[in-house]
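Quick heads-up: it's one chain on its own, the form predicted alone, in structure tokens.
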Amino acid sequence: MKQFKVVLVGCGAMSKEWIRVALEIPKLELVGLVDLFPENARTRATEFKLENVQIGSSLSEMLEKTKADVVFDVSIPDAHYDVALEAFKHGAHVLGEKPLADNLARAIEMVNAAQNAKLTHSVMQNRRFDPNILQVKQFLESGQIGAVTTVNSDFFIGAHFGGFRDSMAHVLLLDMAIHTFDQARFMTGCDPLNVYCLEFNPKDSWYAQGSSAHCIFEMTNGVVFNYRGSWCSEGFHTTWESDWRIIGTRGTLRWDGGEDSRAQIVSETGGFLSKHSETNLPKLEQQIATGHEGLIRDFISNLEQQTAQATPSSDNIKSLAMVFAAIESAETRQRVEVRWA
């Protein structure tokens, strides 16, 4: 059984989940923890009783010492570019937290660098391992509601984070919307073409800017994707996975982002209103690891088998491009083409 030596970069709160999962996978050997403040790395090493792990503040030096095969990038978004390029220089594959990069130009460079180095670069888009999302995707692929024409998602949560988000520009689009955008792409198999976005901040908002947005995306296969979202909406919260209505040529699927997913399918036509039969979506037959654990396990398994990754940067960049195109549209009040190359 091949073992992969792993260096983890960025030892903040999110690193706990990455370390927990890594220690449960026999194929992984956690050999190094890197943080600009080494005391953060020492805290994690003590917390998880990592007696043999090396501690450092320089990724380059750590990779030289450990000859690691894989870098787990749990650093801040502004650092993802430097971490990935340094890892590729040392021949290491990368699995990193979202977003892929802090701007599209850097994201494109990172994708090209990974491909030129013939190394794997994937992004922690963990909702792709949510069984409810997989259930919706599987049902849509069955064709029971016909060809998808329209996708509507609502995201409404009054989230009182405090801290940096309160003063962040484009806070909803930059920090949250990529999850919903990526879900729409994943479930339908469609890619974005262009977008018109209206971003606004309601008068009762506790955010400085951009707490709410409405986006209309034109997608491939003639699909229109409508996104309505807010982080300062009090009452009747949706789930974090949004509330969905997906319309096809022979029916509609509704999913509340949780356990309630059902479809109405045309059973008889000819009258003023067609008749419909209603069905609950079938559950997945196979139990899967979810969230971060599911994606980390998939990443390592596909490295070992040299098979396609679930969330390669070359695909995830399309979801990131949706975010930056929406921001550009919000700023210019114009429809904007979605580009990722």
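Being a predicted model, the structure only gives us computed values, none of them experimental. Start at 1 with the first residue shown and count on from there.
Although not depicted, the form predicted together with a small molecule is the subject of the following passage.
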* To do: Look up in the predicted complex whether D35 has a non-hydrogen atom within 4.5 angstroms of the small molecule, and give yes or no.
  => yes
* Within a 4.5 Å heavy atom cut-off, is I25 in contact with the small molecule in the predicted complex? -> no
* Is A79 close to the small molecule in the predicted complex, meaning a heavy atom pair under 4.5 Å apart or at it? -> yes
* Within a 4.5 Å heavy atom cut-off, is N40 in contact with the small molecule in the predicted complex? -> yes
* To do: Just give me the single entry in G229, P99, G210, P192 that has a non-hydrogen atom within 4.5 angstroms of the small molecule in the predicted complex.
  => P99
* Exactly one of N126, Q138, T150, Q264 has a non-hydrogen atom within 4.5 Å of the small molecule in the predicted complex; which residue is it? -> N126
* Asked: Thinking of the small molecule in the predicted complex, which stretch from 152-160, 70-78, 245-253, 198-206 has heavy atoms inside 4.5 Å of it?
  -> 70-78
